[in-house]
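Shown here is one chain on its own, the form predicted alone, set out as structure tokens.
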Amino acid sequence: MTDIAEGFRIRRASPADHSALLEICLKTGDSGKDGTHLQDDPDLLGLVYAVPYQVFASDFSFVLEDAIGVCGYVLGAPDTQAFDDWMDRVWYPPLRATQRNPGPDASRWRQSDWVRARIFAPRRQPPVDLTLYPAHAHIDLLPRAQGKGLGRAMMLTLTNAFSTASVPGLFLEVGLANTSAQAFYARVGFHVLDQNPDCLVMGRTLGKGGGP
């Protein structure tokens, strides 16, 4: 557990935090803004992009909390290929049993369909060289935790954990419209590795101590 400024603290996430992970993922699901209005299933985003990280890689899952409760998370998988394989083999089958397959035609997707498409057709090839950047991460903070330097502290907590585990590098994906997040990642040592029609892929190598 790490105490930081202004009454916030960082601690390792637990299964008891799953409902908070779902909520934060939804409330930041529109390029960092509240994405509730974009989803017809309020839990689906978090069931793909938040909760499974705590289940699969609990040593690399951290939450930020204050007196009100959990208000942010940083979640990582040290081995992206192993994580993706586990998602397809273990995590997605129960979700597929409760969801309809929206098919591959993105022009017909509505609301949560793009998340459903990921469940039925998961990523087969990560967008980076996994020998250099084997890990990946997600970080989201609710508005009351933003603009206080807490994102940097959260990211440092995760990169320290990766460095301790001898992970040489990590990547993340950020929406093209989310320029504030892109600037944040650049400040904490990430650089652009690739760009596709939906997002930038940014990565950074890790040394001892995990810092930029």
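Keep in mind that this is a model prediction, so the values were computed, not measured. When you see a residue number, it is the position in the sequence shown, counting from 1.
Omitted from view is the form predicted together with a small molecule, to which the following refers.
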Of Val128, Met87, Ile139, Val115, which one comes within 4.5 Å of the small molecule in the predicted bound form, counting heavy atoms only?
Ile139
The small molecule: the contacting residue among Tyr185, Phe162, Phe56, Phe171 in the predicted bound form [heavy atom, 4.5 Å]
Tyr185
Going by a heavy atom distance of 4.5 Å, is Gly46 a contact of the small molecule in the predicted bound form?
no
When the contact criterion is heavy atoms within 4.5 Å, does Gly69 count as touching the small molecule in the predicted bound form?
no
So in the predicted bound form, does Ser180 come within 4.5 Å of the small molecule, heavy atom to heavy atom?
yes
So in the predicted bound form, does Thr28 come within 4.5 Å of the small molecule, heavy atom to heavy atom?
yes
Should the three residues Gly76, Gln81 and Pro134 be counted as contacting the small molecule in the predicted bound form, with contact defined as a heavy atom within 4.5 Å for each?
no
Stretch in contact in the predicted bound form with the small molecule, which is absent here, among 35 to 43, 140 to 148, 48 to 56, 163 to 171 (heavy atoms within 4.5 Å):
140 to 148
